[in-house]
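Form predicted on its own, single chain, as structure tokens, below.
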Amino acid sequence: MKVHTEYLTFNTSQQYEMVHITSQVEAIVRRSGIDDGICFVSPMHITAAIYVNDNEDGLIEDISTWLEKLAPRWPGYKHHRTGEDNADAHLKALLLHHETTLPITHGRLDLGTWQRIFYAEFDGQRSKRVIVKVMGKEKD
């Protein structure tokens, strides 16, 4: 079995941002040389998430609206007593997947027709990393 690890770095221009990263992850899978295996993708921060869904603007807006309703930005969170003001970012990250594991078949991500990979940032405007770990067997 072979393991290949790379890191993606994001510095979003917005505090909240959904970044489509499918092509970047696909490029890492190609560079890995793995023919059959899995690709693990995870943000290395607790105020960000990775999720798989459709790359459709209306849906992305719906997800953002849903998250804001469930974890609104407001000053009353107990976490803010620590001097931080990002409790809603922690909660939003919990509502989405913290990581995803995707299949690799014949050297490519084996995604469904509409499946795309997103990095969800909830406390942005600073540099953050995402680990992409590809594991499996190389082509015979």
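All values reported here derive from a predicted model rather than from experimental measurement. Start at 1 and count along the sequence shown; that's the residue number.
Heads up, the form predicted together with another copy of the chain isn't pictured, but that's what we're talking about next.
Residue contact check for R31: none of its heavy atoms lie within 4.5 Å of another copy of the chain in the predicted complex.
Among heavy atoms of E26, none comes within 4.5 Å of another copy of the chain in the predicted complex.
Contact check for L8: every heavy atom lies farther than 4.5 Å from another copy of the chain in the predicted complex. Taking the partner from elsewhere, R73 is found to have every heavy atom lying beyond 4.5 Å of another copy of the chain in the predicted complex. Residues of 85 to 105 placing a heavy atom within 4.5 Å of another copy of the chain in the predicted complex, in sequence order: A87, H90, L91, L94, L95, L96, H97, H98, E99, T100, T101, L102, P103, I104, T105.
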